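Starting off, we have a lone chain in the form predicted alone, written out as structure tokens.
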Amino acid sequence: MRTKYRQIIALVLAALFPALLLAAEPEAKTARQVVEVFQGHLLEAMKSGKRIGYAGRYEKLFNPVAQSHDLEKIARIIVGREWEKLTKDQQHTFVDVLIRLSVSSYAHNFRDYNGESFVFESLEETGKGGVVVRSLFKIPNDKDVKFDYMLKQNGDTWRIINIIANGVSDLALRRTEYTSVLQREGFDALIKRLNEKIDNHSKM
């Protein structure tokens, strides 16, 4: 009787096991959630910014940036037609440097906390399957900064591909600057300049 009881329990657990695994898997985040989780990490880095310094902020923000931004897609958009002219090694090098530059920029620019906060404004679908999450970065005793996050789906997840701050597109600025250097001076010169930017962020 006891053996039969154990067999019944085993069968029930076997039937439930796939459902338990499915329930344990984290749900895919919406575009708004991706942005708000990332903004939360920025505020956390700012709040401990003075104590942990640039290196600490960089370490704290590396994974949140890598997980919320589609940096390979951003890299392709930035260099445009030049992307196909790069070797596979050059493409990998460029994406790697772009990741480090993006993290270092955040670690440099969001270094201190004085009561700032992010406030969601709206979400708008674009004509090409993407969305724009609009929010305000509220700064006490100063003007708010308007941030528009453009996101596209990468598989089952949403990823940031561009950020427009007060009407200025980060992607457009980078594309103009980077492609100009790439076409005039070559790939190695571009990588050198980007690494110099990273070094400068760590010193300021």
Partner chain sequence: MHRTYKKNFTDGRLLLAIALAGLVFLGECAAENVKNQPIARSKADPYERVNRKIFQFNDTVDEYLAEPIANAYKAITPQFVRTGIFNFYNNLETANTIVNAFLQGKPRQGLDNTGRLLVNSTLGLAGFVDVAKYLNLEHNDEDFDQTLALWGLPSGPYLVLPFLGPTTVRGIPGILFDTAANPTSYVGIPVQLLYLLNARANAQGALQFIDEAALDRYLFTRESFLQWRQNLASDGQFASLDYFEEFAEADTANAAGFPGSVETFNTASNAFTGATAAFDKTALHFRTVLAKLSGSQKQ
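As the structure is a computational prediction, the values presented were derived from the model and not from experiment. Residue numbers count along the first chain shown, from 1.
Below, we refer to the form predicted together with the partner chain, which is not included among the displayed structures.
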Taking the partner chain in the model of the complex, would F147, E177 and L194 all count as contacting it (heavy atom within 4.5 Å)?
yes
Considering the partner chain in the model of the complex, which of L136, A66, V37, M46 comes within 4.5 Å of it through any heavy atom?
M46
Within a 4.5 Å heavy atom cut-off, is D156 in contact with the partner chain in the model of the complex?
no
Heavy atoms within 4.5 Å of the partner chain in the model of the complex: does R81 have any?
yes
Whether E59 contacts the partner chain in the model of the complex should be assessed with a 4.5 Å heavy atom distance threshold; does it?
no
With the partner left out of view, is V131 within 4.5 angstroms of the partner chain in the model of the complex by any non-hydrogen atom?
yes
Suppose contact means any heavy atom within 4.5 Å; which members of 87 to 110 contact the partner chain in the model of the complex?
S102, S105, Y106, H108, N109, F110
